[in-house]
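In the form predicted on its own, a lone chain appears below as structure tokens.
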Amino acid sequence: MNREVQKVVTKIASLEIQGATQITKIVLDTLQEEGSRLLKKSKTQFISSIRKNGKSLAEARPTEPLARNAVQFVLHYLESNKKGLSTLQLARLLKKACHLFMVLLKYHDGKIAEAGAPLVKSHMKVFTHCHSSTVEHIIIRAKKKEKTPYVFCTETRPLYQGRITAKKLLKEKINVTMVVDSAAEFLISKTSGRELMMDIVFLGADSVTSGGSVINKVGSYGIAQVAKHEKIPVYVATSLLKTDPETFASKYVGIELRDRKEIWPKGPKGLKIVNFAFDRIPSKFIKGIICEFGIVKPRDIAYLVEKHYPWIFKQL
């Protein structure tokens, strides 16, 4: 691994670069730059280096499968089209593959927004957690279709990603109310009063499992559980390119623990702090997954991924 790739790996691992799509873009940009440094190498050396560096970049955040699947897509594209090409042509092919994957993600985002927007009705109370650009685009698309939802979002401690959601929706002149994280379940429940009862919950996803459960920002489990109890539909908005292929072989899903300093920078010595970054939403709590194939049931995830993205199962 060269110095430039190592710098990016460190930035991703240290959370200096965050967000599944942003991490994926940086990973693909780094691979393209690596390709331009390998023009004097043989074809075998070129692909070997891209594979090695791609693996290092993808494993910088093992709980973010989108970047890993992006690297897998690029390698599959190179291997499938390398015959008869020079190293220079391989570098151009690498650039094309990286571009195609990002175009695919953008296309999926539009498809998901179109599929999800009809679920939003005028004067509907919509609840969301953390920041998901995919959920954001659904709500904005509904607004452009002359719907007037009332959005409730969490602040999302300790890094306050909910503020990103609030600012972006306010910029689109959408009515937004923020609540503290610990009030989310109460707000959703009937106990908070009829005027605050939510009509629908939209959540994003950092990772999707083969069984249709979803890994998302910590707090999502409780929100989905209460919503299910109150008969409020929970929809997860995500591209199935975020499916973790490792869950097809094992039911175990690792949950990332982050630095205690995020919670209490100068906390007292001896105090133990468990800082879960994510939690898992069981498929039984999810009404539907809004993806590039429309609104699907969680049980359909394995079939759709195996049919449309068989290349994600290959070893890096």
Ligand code: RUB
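For the two forms, the rigid core is made up of the largest set of C-alpha atoms that agree within 1.5 Å on superposition. The first residue of the sequence shown is number 1, and the count goes up from there. From a predicted model like this one, the values you see are computed outputs, not experimental measurements.
Not on display, but discussed next: the form predicted together with ligand RUB.
A.B. asks: Work out which of T243, Q72, T134, S213 lies within 4.5 Å of ligand RUB in the predicted complex, going by heavy atoms.
C.D. replies: Exactly one residue meets the criterion: T134.
A.B. asks: Taking the partner as it appears in the predicted complex, which of 76-84, 124-132, 169-177, 187-195 has residues with heavy atoms within 4.5 Å of ligand RUB?
C.D. replies: Among the candidates, contact is made by 124-132.
A.B. asks: According to a 4.5 angstroms non-hydrogen atom cut-off, is P149 in contact with ligand RUB in the predicted complex?
C.D. replies: Result no; P149 lies far from ligand RUB in the predicted complex.
A.B. asks: If you check in the predicted complex, is R68 within 4.5 Å of ligand RUB, heavy atoms only?
C.D. replies: It does not: once ligand RUB is placed as it appears in the predicted complex, R68 has no heavy atom within 4.5 Å of it.
A.B. asks: Taking 4.5 angstroms as the cut-off for heavy atoms, does G204 touch ligand RUB in the predicted complex?
C.D. replies: It does: once ligand RUB is placed as it appears in the predicted complex, G204 has a heavy atom within 4.5 Å of it.
A.B. asks: Tell me, yes or no, whether I301 is in contact with ligand RUB in the predicted complex, where a contact means a heavy atom of each within 4.5 Å.
C.D. replies: I301 lies outside the contact set for ligand RUB.
A.B. asks: Give, in sequence order, every residue of 267-299 that has a heavy atom within 4.5 Å of ligand RUB in the predicted complex, or say none if there are no such residues.
C.D. replies: Residue within 4.5 Å: F278, and no other.
A.B. asks: Quick check: R68 between the shown form and the other one - does its CA shift reach 2 Å or more after fitting the rigid core?
C.D. replies: Result for R68: no, shift under 2 Å.
A.B. asks: Examine K297 after superposing the rigid core and state whether its CA is displaced by 2 Å or more between the shown form and the other one.
C.D. replies: No.
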